[in-house]
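Next up: just one chain, as structure tokens, the form predicted alone.
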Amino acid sequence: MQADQVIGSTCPYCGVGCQVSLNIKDEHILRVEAPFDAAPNYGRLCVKGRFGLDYVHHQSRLKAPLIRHTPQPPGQRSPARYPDDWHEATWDEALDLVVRRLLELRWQHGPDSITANACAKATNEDNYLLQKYVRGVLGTNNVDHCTRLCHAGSVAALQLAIGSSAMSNAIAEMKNLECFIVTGSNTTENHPVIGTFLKEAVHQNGAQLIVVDPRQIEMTRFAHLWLRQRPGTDTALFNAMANVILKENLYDEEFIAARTEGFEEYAQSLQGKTPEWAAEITGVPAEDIRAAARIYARAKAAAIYWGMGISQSTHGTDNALTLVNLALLCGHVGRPGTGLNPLRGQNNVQGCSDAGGMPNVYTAYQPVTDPQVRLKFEKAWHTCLSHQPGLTTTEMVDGILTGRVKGWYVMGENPLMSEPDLNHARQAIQHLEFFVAQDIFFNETNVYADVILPAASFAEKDGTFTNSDRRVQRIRKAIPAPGQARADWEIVSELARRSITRICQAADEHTDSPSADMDRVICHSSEQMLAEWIYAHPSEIWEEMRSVTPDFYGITYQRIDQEGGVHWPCPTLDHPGSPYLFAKSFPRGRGKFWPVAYGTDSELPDDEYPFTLSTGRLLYHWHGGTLSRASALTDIWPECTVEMHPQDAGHLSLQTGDWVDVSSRRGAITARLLVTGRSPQGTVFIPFHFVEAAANVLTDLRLDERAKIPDYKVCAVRIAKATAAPIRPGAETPLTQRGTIKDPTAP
């Protein structure tokens, strides 16, 4: 069938940022293709990008603002059923209610009683406006997003060691790699297109690949060396590699002298951390550790790629620091094919962070604590700003229970699928005084809301996404939004104007409120503020954003359209962009070595809970499943599975297709068993896409103290055959008869 038009855009799933051609027929996406001349994917698409975008047409899309019939008292908030508990409202009714309730909380309890979640699936422009509203109008830095739950450990480590948390090399460099380490990343399932480039480097370029992972992921089939460490022992392994490099004089003395600090203390910390010491802890043979160290250190160019298997830990920051230490030790940073590369998860998790969607920074990581930075934003926004860093997402949940947080604004996220220990998070949400959500679907979180605002999907608005390697790219409106749904930036900008107007109207009534000083500033500059909150197109938002962000200043919509995307930092209009970073210096000056001691605060298995649980993604789904399970992909992998090693299954008299109960000290779920050697003995793996068997019911609240990221990769569980199958659609069909799921390690 011939399309009416073809619109270029960016895939809304993972952080690769694949360019797509949306073939439109009768205002529907007819098919999805990929242009062969466009970076970063050059015609390649995974199953999600090619076949999983039909969610935009799903019948359950939100189409009108919704208000709950009955206000929810704190402590008694319950999930609402549609349509019984909701009524459709006009935009005026819904926005006026949101403004009135948020400002009431602000006046009564102070600005910091309100929190907001930015969105890693929304555009840079959407997120910039949300954090601007929260900071510049409501008066708090309590804004964060899901980066806290995926790569916060990586961000903290990279900031400590080099002063920048972004991926340092471009995707385009991957196929020409000489040597690379993949650790904590099931690359072919989580970032499939990147996986093809990495496999190409091995097959066509002869690159030497070292995989460090407890699971037998597909990349192990292409590895020169696979180090199968015990879960949670990463720091011991990488410290032992550094010990070998130091002892055998394989380190780069010139680079260390010219560009680093802290080497002597770091070298001293490696004493005793031998491969034999690490072998006892990790289970990896000492000679394999030596071999990996020699391969990495002797390479002329070597890169490290990692995912959430490194960062989602009570010691996620330490894990990432040991990787940075290795790169600094060998001088493997600052050149093409040499660097430190956290593979970002969601399509715009990099951009959401870049746009200021975190509690301690404005755009491009400009600190809220820096008086000069803060003054710049106050002048640009005509307001006064808080110097106090805000709450992280995990702290927001705890803040509700302590009474510190009264109101929550969630844009496009689903905390009741993504937070650890979901029973704890659910209990917290029940105590909110006011909760507003903005999304394209009902989800497990927003059914608790007082107001739901219907948003447009990526295919129904214009804007930019920033992919994993800092490439700013366009999305373009291809179809109309359903019903009354609006783009996120339109909703937020209208909310801001109404809030400013309401603050000025009621200023005399709240002269003793905690926000009285800020109210006076807003009233004094209200005319300018109201004018600056009027945007005709997202390009105008980007222009404002780049005007206050030196790293973005040289990037314009015109350049993005002409060049197909531009890598930041790009400080001037004639700057070519920066595909790789740190050629001459680091943002903090010298790179800093950080000694890391081995240890863990994770919940380890014991006699009562004898298995280690790890969670992650599947090829056919994405994160909480909100999008992919509303697409055709749900027919391919329809239900949750629990991976278990054959020996463990044999001991429990279990087999593939059995229903099993998996329980931890926090809760229990029931799911299908998949017996496979992919997971090591003593470890089980559960994907986190399935609400009916939500893995995060089981996971632990323990956090990395520096990054405030939860430990999703190690907690203790027990498994038993279920007494009965759960009652849900399709449960009567055995997994082994579906013909859609098989042991990934089978030939």
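This is a predicted model, so every value here is computed, not measured. A residue's number is simply how far along the shown sequence it sits, counting from 1.
Although it is not shown, the form predicted in complex with a small molecule is what the next lines describe.
Every member of the trio 232, 414 and 455 reaches the small molecule in the predicted complex with some non-hydrogen atom inside 4.5 Å. With a 4.5 Å cutoff on heavy atoms, residue 551 does not count as touching the small molecule in the predicted complex; it lies far away. Interface residue remark: residue 718 is not counted as part of the site for the small molecule in the predicted complex, having no heavy atom within 4.5 Å. Residue contact with the small molecule in the predicted complex: residue 345 places a heavy atom within 4.5 Å of it.
In the predicted complex, the small molecule lies farther than 4.5 Å from every heavy atom of residue 542. 183 is the sole member of 493, 183, 513, 676 with a non-hydrogen atom within 4.5 Å of the small molecule in the predicted complex. Checking 440, 405, 278, 671 against the small molecule in the predicted complex, a heavy atom within 4.5 Å turns up for just one residue: 440. With the partner omitted here, the stretch from 502-510, 534-542, 279-287, 414-422 that lies within 4.5 Å of the small molecule by heavy atoms in the predicted complex is 414-422.
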